[in-house]
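First, one chain by itself in C-alpha cells, the form predicted on its own.
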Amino acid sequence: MTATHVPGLPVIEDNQLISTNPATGEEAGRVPAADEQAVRAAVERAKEAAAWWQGLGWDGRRTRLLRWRSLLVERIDELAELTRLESGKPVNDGLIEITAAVEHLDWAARHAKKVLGPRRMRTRLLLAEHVGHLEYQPFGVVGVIGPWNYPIVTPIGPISGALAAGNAVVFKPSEYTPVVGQWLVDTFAEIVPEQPVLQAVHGLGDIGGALCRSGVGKVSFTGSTATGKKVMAACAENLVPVVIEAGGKDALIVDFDADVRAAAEAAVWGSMTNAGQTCIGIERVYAVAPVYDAFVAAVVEKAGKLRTGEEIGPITMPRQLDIIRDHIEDALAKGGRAVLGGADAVQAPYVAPTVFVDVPEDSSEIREETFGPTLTITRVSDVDEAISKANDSPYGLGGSVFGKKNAVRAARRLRSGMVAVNGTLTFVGMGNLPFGGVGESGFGRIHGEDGLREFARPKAITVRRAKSLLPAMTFERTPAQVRQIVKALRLLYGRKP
C-alpha cells in the first residue's frame, strides 16, 4: 500500500519500481524494473530498430518527430499533472518545462538535415586531383540517463538530438521520476509503432551502469558530478564516448549600472524555481558595493512573498534535505547571516526560501552545490572582484550578469558554458544554443548544432576525380615533382600576411 512507502523514495517490489510523491507519499505509478539482461535485450532490439529508423531518411524522421512534438502539446496538461504527482513540482512549473522541451524537439527535428547532411569539401594542395566529402553517421544506439529535477526537458534534449541524427535511444529515467519517463516513451510509440526506436529501462543506479556496458554507441548523462564520474568510468571500460552534464554552483553578478529590481526578481527566480533543484540555478550572487544594499533588500522582499508548498514545491530526494541543512548550518557557523529563512528553514519535505549575506568563501554554502532554495549575496568592490570570486569554483555550468555598459564583456569572462545577460536561466529556452559546462560541470553539449553533432560520427571521404599532375602521396613521385610541389607551396603559403 502507498502508506508503507517513504514519500519520494523509490522502492522495488515484485520486479516493479514504485514511484511516490515526495510531499504526500501518494503513489505516482509503477513501471517494470529491469536487470542487466533486460538492458542488454533492449539494446539489441534498439540496434535493429536503428537500422529501420535511419532508413527513413531525414524527412521521414523529421515528420515523425514533429508529430510527437504536436502530441506533447496536445496532452500538455496531462503531462504537467503527472509531473506534479511524481515530483511534487507545481503544475505551472511543469507547463513551462514542457514548453521548453517542445522547443528543443522542434528545433532538432527541423535542423538535423541542414546540420548533419552530407557536404562537399574543397580540395587542398597535396590532393588537387581529389574531392572531399563530409558525412555525419549515427552511432546506432544512444543511451540516455536522465535526471529527476527536470524529467521532461532535460532528457528530451539528448533524446531529440539522438533521434534526429538517426539513432535509436534506450532511456534510463531517474528512479525518482520513472513514470514521467515511461510516459514519454509510450507517447513516442503512439507516433512510431513500427519499431522500438525509443525504449525505457527502469531501476536504480546499477541499471545506469548496465546501460553504459550494454553495447550502446554513446551515452548522454545528466545528474550529479559524483554520478557523472561513475558513468565515465563504466563507459571507459569499452571506450564508449559520453556527454556529461553535471552539477553547478552558478553565480550572478550585479554591476553598478544594473536595474536592481529586475536583477533581484531574476535572482529569486533563478535560485528558487523548482525549489532550487536546478543544475543551472543561481546559488551565489556578487553585487558591487553601490547597489548591494538595495539589491539585498529587493531580494528579501521578493523571496519573502513566495509560499512554501505552492510556488516552492517539496525537495524531491529525501537525502538532499540533509545536504541543504548542513550547508545552512555551516554558513551560519562561519559567520554568515540569514536575512530570510535560516536555521529552521528545513521542514521536511520542504525548505523555506533562505537568503544569506556575509558568508565566507570557504563555506560549503559557497563551495558546494546545495540544490535547494538558498542564495548567498556577497558585497564586492567591482566587477573584476566579482568575476574572480565567481570563477573560483570547480564548477562552470551557467551564470548571469546584470548591468548595461560592461555586461556582455563580463559575461565573456565568466568560466562557464553559458551566461544570461540581464536574465537568468534564459539560455535553456533557446533550442539553437548549445547547453553544457566546463570543469566539474561536465563536457560535451546538448541542444543546438553542437548538440546534434554529439550524436553522429563525422566521416571523411576522399574521391579521386582526375589523374595526378603532381603526385605527392606515392612512391612513384620524382624529385622534380617534389620540387614543383614545394614551389607551389611557397607561392600559396610563403608570403607573410
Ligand code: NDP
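Computed from a predicted model, the values in this text were never measured in an experiment. For every residue, the number given is its place in the sequence shown, counted from 1.
The discussion below concerns the form predicted in complex with the ligand, not included here.
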Inset, instruction - Check whether residue 149 has any heavy atom within 4.5 Å of a heavy atom of the ligand in the model of the complex, and answer yes or no. - result: yes
Inset, instruction - Considering only heavy atoms, tell me if residue 270 and the ligand come within 4.5 Å of each other in the model of the complex. - result: no
Inset, instruction - Give a yes or no for residue 184: in the model of the complex, does one of its heavy atoms lie within 4.5 Å of a heavy atom belonging to the ligand? - result: no
Inset, instruction - With heavy atoms only and a cut-off of 4.5 Å, decide whether residue 435 touches the ligand in the model of the complex. - result: yes
Legend entry - Residue stretch of 401-409, 331-339, 113-121, 200-208 approaching the ligand in the model of the complex, non-hydrogen atom distance within 4.5 Å: 200-208
Inset, instruction - Identify which of 397, 355, 352, 105 has a heavy atom within 4.5 Å of the ligand in the model of the complex; exactly one of them does. - result: 397
Inset, instruction - Identify which of 137, 195, 227, 364 has a heavy atom within 4.5 Å of the ligand in the model of the complex; exactly one of them does. - result: 227
Legend entry - in the model of the complex, residues of 236-261 near the ligand [heavy atom within 4.5 Å]: 245, 246, 247, 248
